[in-house]
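One chain comes next, on its own, written out as structure tokens in the form predicted alone.
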Amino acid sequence: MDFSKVPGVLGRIVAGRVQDYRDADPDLGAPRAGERRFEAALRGPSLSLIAEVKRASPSEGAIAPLDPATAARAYEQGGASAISCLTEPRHFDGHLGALREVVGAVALPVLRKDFVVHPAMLREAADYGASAALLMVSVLGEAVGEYLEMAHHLGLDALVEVHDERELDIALGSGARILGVNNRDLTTLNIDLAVSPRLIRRARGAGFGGVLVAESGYRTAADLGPVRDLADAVLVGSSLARSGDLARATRELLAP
């Protein structure tokens, strides 16, 4: 694939990952059984939380020097339904070892959050014990369906992420079972909390019966009001990571 046309900040991040995996082996190996643990965890009776182990970001720089395992256990104690672990090193201060640490620390399903540009990244996610991987339509475009098949071959769930109507239509056509709507435009880093409600309604109106996740920009329980009766789950990183008391911040965010 040619990733050179991915624009803005996202394009710079993707270019780094393309270089990281330019010589990687694309072989996925034998099929692996899928348990759909990540999907099942987000289908609870109330709004589920994917709490993110996030040490830094392009928009905020250093956030908090979290120990991955300690942070994941705190999120679990606070009531999170799943954990997201960033593994991108340059902009998010993540690494694959953190994924292994998180998987080993909690009973919750874990999402490998990275900028997937190569099949080897999915194989790594499965090898390191992740239950799911992030697939971004803004990066993969029409190829997201092919990468979704790869994820399922490896027994992984996939959080297929979109930011606008065009990307949503591609995701709906890909056969995705879990759709994430990112309020942050990763080309500019601007956040608009109206994006998730709008696109979630569009997805439901198009007949999508899978799991819908609202992502980015949520800081308080009140912020979740517009998506509480629309989304199945929310993904929250920065506000929890910098809170100083991750378990308490998780409980407060989930308060009805």
Ligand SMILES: O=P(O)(O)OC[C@@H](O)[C@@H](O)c1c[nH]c2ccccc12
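All residue numbers refer to positions in the sequence shown, first residue = 1. Every value quoted in this text rests on a predicted model; they were computed, and no experiment measured them.
The same protein also has a form predicted in complex with the ligand, omitted here; what follows describes it.
Exercise. Which of these stretches, 129-137, 166-174, 70-78, 102-110, has heavy atoms within 4.5 Å of the ligand in the model of the complex?
Worked result: Going by heavy atoms within 4.5 Å, the stretch is 129-137.
For this session: Using the partner position in the model of the complex, report whether V236 sits within 4.5 Å of the ligand, counting heavy atoms only.
Result: Yes, V236 is a contact residue.
Exercise. Hey, in the model of the complex, does A82 get a heavy atom within 4.5 angstroms of the ligand?
Worked result: Residue-level check for A82: no, no contact with the ligand.
Problem set entry | Heavy atom of L86 within 4.5 Å of the ligand in the model of the complex | Result yes; L86 sits at the interface with the ligand in the model of the complex.
Exercise. Does the 4.5 Å heavy atom contact test between L186 and the ligand in the model of the complex come out positive?
Worked result: It does: once the ligand is placed as it appears in the model of the complex, L186 has a heavy atom within 4.5 Å of it.
Problem set entry | Any residue of 213-230 that, in the model of the complex, places a heavy atom within 4.5 Å of the ligand | E215, S216, G217, in sequence order.
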